[in-house]
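Only one chain is given next, in structure tokens, and it is the form predicted on its own.
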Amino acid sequence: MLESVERRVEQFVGSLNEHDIARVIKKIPAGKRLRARLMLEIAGSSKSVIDTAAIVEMIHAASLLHDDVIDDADTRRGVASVNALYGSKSAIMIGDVLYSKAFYELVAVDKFVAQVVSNAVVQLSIGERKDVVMGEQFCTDKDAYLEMIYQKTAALIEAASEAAAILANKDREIYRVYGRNLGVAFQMIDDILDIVSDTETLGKPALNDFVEGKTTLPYIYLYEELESMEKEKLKSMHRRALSVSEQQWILSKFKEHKIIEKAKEEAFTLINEAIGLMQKAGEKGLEKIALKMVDRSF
């Protein structure tokens, strides 16, 4: 069924009759297609579901193009990013094309589905901005971090789940909560993997988030555990290239205070709540998807 979503994306892009743009879009790594997988698992493979899943994946791809420009990222999932290959201006404009085409096609879908998905894009854009603003200084506010990752990452996953439930005439509320929990936990695990994974597996340098200015949940928890002088030391390393000894110091402190375990526990709490909802709904496939999102290496 995922192949049907891929073909629909190609058809949507192909209908633009812009072969150069289509060629560049093919350079965007497909990734896990989590949002499409959720929709297909919840609602099956009717035309409306396939179309909406393709639209959601186009929106996600557009957000990645813009995100890589914002982060000055040279790679995306281990391969050269579009902005590295064709320049930031092209990446931004092609992202705009994908957003615009997605909204054009969204108009033909159910009104309530369109509202859910379009609102998620608003949240995504606000979350992107918050991520940039928060990166200007070391963040110690866990609530601000959680709100930002909900908007930047979880909102679109939440919308995909809720939209699928609407199309399948299922209880949209429990699927919305499932998607939100899954999305927040997904980002938490991504943030943890930035610390514990090697460069080859992750497709980017370890501790790269901290160097870029992102203060993720493990760093917030670590800051809370450190003594006064150590707090200042950690803050002084924020948003700059780290020496090997500085990297080793941060990693040793994570280990000393069992920070990674604490952050993982929070992600698993969200996942267990999501699994509980799906067990009540008899959704075995969605249970498996939830577990795979936290039990992964990239």
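Residue indices: 1-based, along the sequence shown. Since this is a predicted model, take the numbers as computed values, not measurements.
Omitted from view is the form predicted together with farnesyl diphosphate, to which the following refers.
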Exercise. Would you mind picking out the stretch of 67-75, 158-166, 135-143, 172-180 that comes within 4.5 angstroms of farnesyl diphosphate in the predicted complex, counting non-hydrogen atoms?
Key: 67-75
Self-check item: Selected contact from S118, S197, S90, S125, since only one has a non-hydrogen atom within 4.5 angstroms of farnesyl diphosphate in the predicted complex
Solution: S125
Practice problem: Please check if I42 has a heavy atom lying within 4.5 Å of any heavy atom of farnesyl diphosphate in the predicted complex. | Solution: no
Practice problem: Determine whether any heavy atom of K101 comes within 4.5 Å of a heavy atom of farnesyl diphosphate in the predicted complex, and answer yes or no. | Solution: no
Practice problem: Report yes if any heavy atom of E105 sits within 4.5 Å of a heavy atom of farnesyl diphosphate in the predicted complex; otherwise report no. | Solution: no
Quiz item: Q187 near farnesyl diphosphate in the predicted complex, any heavy atom under 4.5 Å?
Solution: yes
Quiz item: Thinking of K130, T215 and A263 as one candidate spot, does farnesyl diphosphate come within 4.5 Å of a heavy atom in every one of them in the predicted complex?
Solution: no
Practice problem: For the stretch 142-156, return the residues whose heavy atoms include at least one within 4.5 Å of farnesyl diphosphate in the predicted complex, in the order they occur. | Solution: K152, T153
